[in-house]
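Quick heads-up: it's one chain on its own, the form predicted on its own, in structure tokens.
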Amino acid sequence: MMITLLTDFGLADHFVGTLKGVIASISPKTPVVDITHEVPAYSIPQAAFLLDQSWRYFPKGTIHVAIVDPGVGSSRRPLLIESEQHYCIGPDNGLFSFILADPKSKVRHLNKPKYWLPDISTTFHGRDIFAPVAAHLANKIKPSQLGTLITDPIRTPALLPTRLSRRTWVGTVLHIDRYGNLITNYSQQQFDTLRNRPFSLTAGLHQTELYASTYAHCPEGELCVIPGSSGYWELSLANASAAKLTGLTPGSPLELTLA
């Protein structure tokens, strides 16, 4: 088995290293892979998107620990999710919304303190609950021993576009990559006609009607809608930052109208 880590902890503090220390103490032979620790602080939708973009590319049986947890220490539940022979561990706050779209997913409330660290803080469940549970799971402890099945995990409906009329939808910016591309929540599968049908996408005070098949085909200085590798449409600016031009941030609305 393998364990991946995705958090908003950054690398300036001891948090990530401590997670790895807990895992190594319980399951020393289990490899640990960092997906990212640079999720913007408290950004649950971005964490959900980044996890969804990465987990399927790991071997079956991989354990994905995802922690963006502004509700740590509250009544929010710690979860274990089984989906497509992968496992996900983290807080019940919508972070696993994309994965929970699979109706075959099994969700467990992690409520067996036997598999946690002895002393549980109110501010660092990543160290005290999520990391040790992941390590025990890697050691072949069965999911049924770690928690009780539940049917009501939190899902975030805002991750999907809302239809306003027959030809108009309001979506959102899911993520901004390091190049300033705005990754939208308009899926290429659902909105495939953007490749060959007139449209208008409004982003703040800016509007574009341009489709480009690649970044290289986007005219200099013009906002273009591009089919990104994520499976969602991106709003891009050739050799520059669409985010900086538009001033949009994750969660900003985007209005799409089909002609």
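So that there is no doubt, residue numbering starts at 1 and follows the sequence shown. This structure is a prediction, so every number in the text was calculated from the model and none was measured.
Another form, the form predicted together with another copy of the chain, is not on view; read the next lines as being about it.
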Margin query: With a cut-off of 4.5 Å between heavy atoms, is Val33 one of the residues that contacts another copy of the chain in the predicted bound form?
Written below: yes
Check: Would Leu205 count as touching another copy of the chain in the predicted bound form under a 4.5 Å heavy atom rule?
Finding: no
Notebook entry, point to check: Does another copy of the chain come within 4.5 Å of any heavy atom of Leu245 in the predicted bound form?
Noted result: no
Next item on the list: Could you confirm whether Tyr215 comes within 4.5 Å of another copy of the chain in the predicted bound form, counting heavy atoms only?
Entry: yes
Checklist line | Per-stretch contact check against another copy of the chain in the predicted bound form, the hit in 130 to 138, 100 to 108, 145 to 153, 171 to 179 (non-hydrogen atom, 4.5 angstroms) | finding: 171 to 179
Item checked: Listed residue that, although another copy of the chain is not shown, lies within 4.5 Å of it in the predicted bound form (heavy atoms), from Leu201, Val65, Leu50, Leu223 -> Leu50
Check: In sequence order, which positions of 31 to 60 have a non-hydrogen atom within 4.5 Å of another copy of the chain in the predicted bound form?
Finding: Val33, Asp34, Ile35, Thr36, His37, Glu38, Val39, Pro40, Ala41, Tyr42, Leu50, Gln53, Ser54, Tyr57, Phe58, Pro59
